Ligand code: NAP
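One chain comes next, on its own, written as structure tokens: the form predicted alone.
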């Protein structure tokens, strides 16, 4: 086990964020569980504490609370070593009919939220003087098209470019910036109008039976979390500016 670090994880109240909080806690790191749902953040932090880990919960809207979130993390643990930009939302949005403000909401949360949090965390890391790691949670949607998803896919594509640019700009400060692009994952985001897209006949036939996903199943959040943790710990000291695709082979088929 490496040296204990302090990790701030946004959107950590459920799904991939929760799994990442648990994965990093199991590796001995101290966790700041940040989520717009403060109650959900408290639940996850308490889960980690009950398992013998160290965690605090912060209710935070990534669009407006980035500086306060980082300040509270430093108040709790003294430093910030890791930022995982995981906060995300999805809702179907028909491009022809969706009002712009509604369309833009996804971009505000996922892309600009990542910008705000990265800037706040990077400033703190630079002031500390010992580098750090930023991991951005992207998606295969960043480079694949889909109906009713232009807002979501645009935000994820912008996150990938942010990863590349920050990797270059923050390298002199010893900050590594990488990303993870999941495919289908069993999270609350997969449930639309009360139905999991993974349980539909269309999904089962196309992605599972016909093996459009070669591994023939969605991922579990823990399977994404282990890749995020690999990047977050910074043990791959010559890896920066890349987004690792974790999609069961989805994007290599045709």
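Since we're looking at a predicted model, the values are computed, not measured. Positions refer to the first chain, counted from 1.
Another form exists, predicted together with this ligand; not displayed. Remarks below refer to it.
Heavy atoms within 4.5 Å of this ligand in the predicted complex are found in exactly one of 124-132, 176-184, 91-99, 163-171, that being 176-184.
Taking the partner from elsewhere, residue 188 is found to have a heavy atom lying within 4.5 Å of this ligand in the predicted complex. The shortest heavy atom separation between residue 80 and this ligand in the predicted complex exceeds 4.5 Å.
Within this chain, residue 223 is remote from the site of this ligand in the predicted complex, having no heavy atom within 4.5 Å. Not displayed here, this ligand is approached by residue 61 to within 4.5 Å at the level of heavy atoms in the predicted complex. Of the residues 155, 73, 137, 114, just one reaches this ligand in the predicted complex with a heavy atom at 4.5 Å or closer; this is 137. Taking a 4.5 Å heavy atom cutoff to this ligand in the predicted complex, the contacting residues in 11-36 are 11, 13, 14, 15, 16, 17, 35, 36.
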